[in-house]
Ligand code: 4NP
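Below, in C-alpha cells: the form predicted on its own, a single chain.
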C-alpha cells in the first residue's frame, strides 16, 4: 500500500487541501484500502492547528472536508513512497533533507492534465479567489495523480 505525503510550507492551506481532495477521489473510486495518505509542512509554525478556515470553507463548498492537523515533515516520513510538493521552494526544502530520496519527490502540478502552471500558489495572504484557484488546481491534479498511481506507477 503506497504511502503518499503532500507537502507545502505550513501545512495549513495547500497540502491539507491536496490530502483531502486526493482522499476524496480515492474514496469515490472505492480504493480507500489502497493508499496511506497524509500531509505535512516544511515549517512547524502551525503544528497541531486545523487547516486555515478559509481553505476549509472553500473545500466544504465543494463537498470535501479538510480534517487534518498541521505538522512538520520529519524523518518518520521516510516510509513515504511519494512526496508530492506544491512548489519549487518546497521541492528544494524536501530534497535537502538527508533521509529523502529525491526520486520519490514530485511536484503536484506534474499530474494536472492541462495546466501550464508549475506551482500551486500559496493563497494565505490573498483573498477568496486565491483559495478557489488553489482548489481548482488541487482537485484536477490529485485526480491526475490517482490515475497515475492506479496505472501501477509505483510498482
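Bear in mind the structure is a predicted one, so any value in this text is a computation, not a measurement. Positions refer to the first chain, counted from 1.
Note that the form predicted together with the ligand isn't included here; everything after this is about it.
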(message) Can you pick out, from 12, 138, 145, 20, the residue that has a heavy atom within 4.5 Å of the ligand in the model of the complex?
(response) 12
(request) Mind telling me which stretch in 38 to 46, 110 to 118, 96 to 104, 25 to 33 gets its heavy atoms within 4.5 Å of the ligand in the model of the complex? (result) 38 to 46
(message) Residue-level question: is residue 126 within 4.5 Å of the ligand in the model of the complex, judged on heavy atoms?
(response) no
(request) Answer for residue 8 alone: is it within 4.5 Å of the ligand in the model of the complex, judged on heavy atom distances? (result) yes
